[in-house]
Structure formats: structure tokens, C-alpha cells
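Single chain ahead, by itself, as C-alpha cells, in the form predicted on its own.
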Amino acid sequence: MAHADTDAAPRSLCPISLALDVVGDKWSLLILRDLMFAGKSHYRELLQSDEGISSNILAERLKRLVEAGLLTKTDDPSHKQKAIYRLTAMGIDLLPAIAQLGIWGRKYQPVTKESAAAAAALEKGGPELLKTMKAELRRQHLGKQAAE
């Protein structure tokens, strides 16, 4: 896979540093979260998230996530001016990392019961729930049953 910022050499070949080059900003992770947990797939839906992302930042992050191979963008057959964003297998593989961020945030940050519900369920459900969720995301976004 190409480096996310093709004009610049990576800081190092450390896997964490390289991963952060792709998804190391809050907006990219929140977009992935919304695709994974909120069932969002259109630009307008993503724009309406609670965090209040601006339209120009959303457009830039979506473009970057598509270029990095974490999302695909296809025309919406029901509306010529809409696009559908879907997770790729690479994007779906970030589910455990995003789940762990939620679990950590629930433990150490001043969350509400409502906002922490998904993280609580993920923590309680453990690896089996993650496996089930990955299979469902593969079905929804890739149109196939999980081979795992």
C-alpha cells in the first residue's frame, strides 16, 4: 500500500508511526467510527455527527481515507449526486483498535452512560463480539460472508 502522504517520506518504518500517518487524526477515526457503529454511508450523514466536522475537512478526510485504501466511494444508484462510502477489508480490520479506544475512553474520560454504551458492550462481549461485528461489517460493506 502506498504511504498516505505520497509527497513525504515516512518518519520511520515503525508500524505505529506508519498507521498514524493514515488514521492518526481525530476526524479520520470518527469517520471510521460512524461507518462502523452508526451505519452511516453518505457524506451528509457523516456531516451531521455530534462532533461538528466542517464540510471541507470531511471532504478532505474522506478523500484521504479512500486514497489510503480504507474506504471505497461509489455512486449511489438512487441519487445521481450522492456517493456511498463503504469500508474496505483494511478499514474493517481497524475495528478492534477503534473498539479499544472506546473502551479506554469509557474508563478514563467523563463520558455519559449513553455515549459509553457501545464501548461497554464491546468490553463485555470481548473477542467474540468483535468477530461477530467484523463479519457483519464485511457483509454490509463488502457484500460477502466473513471467512474468519
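Worth saying up front: this structure is predicted, and the values here are computed from it rather than measured. A residue's number is simply how far along the shown sequence it sits, counting from 1.
Quick note: we don't show the form predicted in complex with another copy of the chain, though the next part is all about it.
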| query | finding |
| --- | --- |
| Proximity of residue 17 to another copy of the chain in the predicted bound form, heavy atoms at 4.5 Å | yes |
| Residue 109: touches another copy of the chain in the predicted bound form, heavy atom cutoff 4.5 angstroms | yes |
| Residue 43, heavy atom within 4.5 angstroms of another copy of the chain in the predicted bound form | no |
| Close approach of residue 124 to another copy of the chain in the predicted bound form, 4.5 Å, heavy atom | no |
| Partner contacts in the predicted bound form for 27-44 (non-hydrogen atom within 4.5 angstroms of another copy of the chain) | 27, 29, 30, 33, 37 |
